[in-house]
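Just the one chain here, laid out as structure tokens, in the form predicted alone.
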Amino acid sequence: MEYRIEARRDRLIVSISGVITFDDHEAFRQIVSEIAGSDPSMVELSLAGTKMIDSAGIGMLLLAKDKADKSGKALILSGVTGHVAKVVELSKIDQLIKIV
């Protein structure tokens, strides 16, 4: 997993590429810290460059949602396609995190 964080005036955009698996949990903790410490009240996790996500990755998305909620921020997912869209659909995460 690779990621890039871009702060805009109205939102924090975290673009994630590659694969999101259990092996990425340490790097994902850094993302969660950035979410909690950011100024914008909107956080967008862009998964457009993400090719694969496993169940641990879904858990990490839920962790980001929980941290955003506790920090008074809204979290949305974007660029959900292909394999990632199928896993998101099967896990029903779209019922917890808004997908745009």
Partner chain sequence: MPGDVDANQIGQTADNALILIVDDLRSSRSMIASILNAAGFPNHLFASDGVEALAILEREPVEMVILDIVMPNKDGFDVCREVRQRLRLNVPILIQTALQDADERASAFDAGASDVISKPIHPHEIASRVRLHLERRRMLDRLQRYQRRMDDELQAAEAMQISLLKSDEDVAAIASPRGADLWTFYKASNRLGGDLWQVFEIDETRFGLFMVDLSGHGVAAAINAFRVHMLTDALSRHRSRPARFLAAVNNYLCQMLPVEHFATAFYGVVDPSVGKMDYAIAGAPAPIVLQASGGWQALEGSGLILGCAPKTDYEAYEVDLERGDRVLCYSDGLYENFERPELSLEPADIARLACELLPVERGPGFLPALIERLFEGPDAQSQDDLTLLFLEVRGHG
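Source: prediction; values computed, not measured. Numbering follows the first chain given and starts at 1.
The same protein also has a form predicted together with the partner chain, omitted here; what follows describes it.
M52 is the sole member of M42, A36, A27, M52 with a non-hydrogen atom lying within 4.5 angstroms of the partner chain in the predicted complex.
In the predicted complex, I93 approaches the partner chain with a heavy atom inside 4.5 Å.
Contact check for V19: a non-hydrogen atom falls within 4.5 Å of the partner chain in the predicted complex. For the chain shown alone, V32 is not a contact residue for the partner chain in the predicted complex, no non-hydrogen atom being within 4.5 angstroms. Proximity of A85 to the partner chain in the predicted complex falls outside the 4.5 Å heavy atom cutoff.
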